[in-house]
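Given next, in structure tokens, is a single chain: the form predicted alone.
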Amino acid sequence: MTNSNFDFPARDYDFTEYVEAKNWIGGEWTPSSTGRTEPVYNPRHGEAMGSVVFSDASDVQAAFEAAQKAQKDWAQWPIRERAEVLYKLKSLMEENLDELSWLLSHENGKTFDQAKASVLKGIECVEMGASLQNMADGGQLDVSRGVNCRVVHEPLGVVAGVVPFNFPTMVPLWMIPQALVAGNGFILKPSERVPFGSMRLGELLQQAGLPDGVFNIINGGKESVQAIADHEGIKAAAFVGSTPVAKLLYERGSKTGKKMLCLGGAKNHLVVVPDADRELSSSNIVSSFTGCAGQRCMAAAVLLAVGDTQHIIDDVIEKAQQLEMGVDIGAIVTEESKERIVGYIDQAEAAGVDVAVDGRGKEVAGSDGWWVGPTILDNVEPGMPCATEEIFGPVLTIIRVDTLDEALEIENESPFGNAAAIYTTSGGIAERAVNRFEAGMCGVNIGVPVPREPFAFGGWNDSKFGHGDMTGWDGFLFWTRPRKVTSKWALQSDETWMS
């Protein structure tokens, strides 16, 4: 057991210095072979709170060797005993919930409540992973007299995950529980912007009784990601991030023969029709596009307003204007991200779009961080950049149409296929929309239609490259391979050529 203790002390938003995030290899904190580090910023304050090492292919190789060595014994543990580690991890995360939430808030910029919600969702993913011991029976059947067929789900060996900045605790836990309970060794590459949540997960897994080397962390940037994709010994890799990187990584990793599942970006559409419940719809739309400062792949990006829905739009505008920066709206992760978001707003305004709510120039007293307030762009033409490109900020684009068919046509033309939702009180309209949405995750009166466990997470089209989904039972299947066993123990008197 390591003697390191990286408990995060802050319990408020005041700036707090932290540590250097090193690589976690074989149960020990290890410097990178490059010797290079970069600062990790607190977005709320715009100031470096710590640093992170940058790794290369030799570091990935060291993590692989540690995982490969430990995995052979780990795979021999009964699945019930592997699941017991996850139960202990769940308990430790619950005991340390506030600490994990404040740490996430400081490194990511989320408000505390939003950070806590994402940690709780991560705990739910751990719970799902622990329950897989009750679901992993592959089944068996006597297919003929004296002949039995059965399926066994076996680990792949050493696998890896590359995760984004926006959910430092939750997204890794989309992958880790299923991969570990299946008996794999795991290498995690966190975002270099937010390495600390993963760092604490490494320590908590060790405290939960996971053997050293089964779980490893490699920090860094592009070079370490490419090394994971290129490594022929890593048998599967999952990625969550932007569509261009997802597509490139899927192609690069697949060339080595490894299983790849890469989730990309989104341009999620919400459709509101005149019969929609006014209060439910307006509140939900605002929560969807402003939650986590819009820095999530499930955030609303485009509101397709069908017919006479001005009363709902008026309420959306009013509610958005009432949100308080720093309390209801968190910070933008980097200054470059803030500039990119503001650039889309500037571009739309120059093209004649009505900026109904303007989030530019919003600040929080005493903060030198990066902020963009809720922004609503109204009367937008469907082909404009703000209507078609992923902004990844608290910006809602409103396109007005006359019919539901027009709205569905616009949604279907998007190359993305992550999520879509319909606001209506009519079951018939809801079914019509859901059945025609070109999206893998659909909502009815829910603007962030994230499937809860045991249902799986994953989009369509340019929002996903690979097969299956990321969480739930699909996730377990991704990290395993089925062994089919056909057995016969006695000669049957009525045997045929098949038996």
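Don't overthink the numbering: it's just position in the shown sequence, from 1. The shown structure was predicted, so the numbers you read here are calculated from the model rather than taken from an experiment.
Not pictured, yet referred to below: the form predicted in complex with a small molecule.
Listed range touching the small molecule, judged in the predicted complex by heavy atoms within 4.5 Å, from 183-191, 357-365, 74-82, 102-110: Every other range fails; the passing one is 183-191.
Close approach of Ser242 to the small molecule in the predicted complex, 4.5 Å, heavy atom: Contact with the small molecule, yes.
Please run the contact check for Leu263 against the small molecule in the predicted complex: heavy atoms, 4.5 angstroms, yes or no? Yes.
Give a yes or no for Asn166: in the predicted complex, does one of its heavy atoms lie within 4.5 Å of a heavy atom belonging to the small molecule? Yes.
Is Lys222 part of the interface with the small molecule in the predicted complex - any heavy atom within 4.5 Å? Contact check for Lys222: yes, within 4.5 Å of the small molecule in the predicted complex.
Would you confirm whether the three residues Phe64, Gln178 and Ile217 all fall within 4.5 Å of the small molecule in the predicted complex, going by non-hydrogen atoms? Looking in the predicted complex, the three residues Phe64, Gln178 and Ile217 all stay beyond 4.5 Å of the small molecule (heavy atoms).
Asp315, Glu203, Asp378, Glu390: which sits within 4.5 Å of the small molecule in the predicted complex by any heavy atom? By the 4.5 Å criterion, the partner-contacting residue is Glu390.
To verify the annotation, which of these, Ile422, Ala160, Leu303, Cys297, has a non-hydrogen atom within 4.5 Å of the small molecule in the predicted complex? Looking at the other structure, the residue within range turns out to be Cys297.
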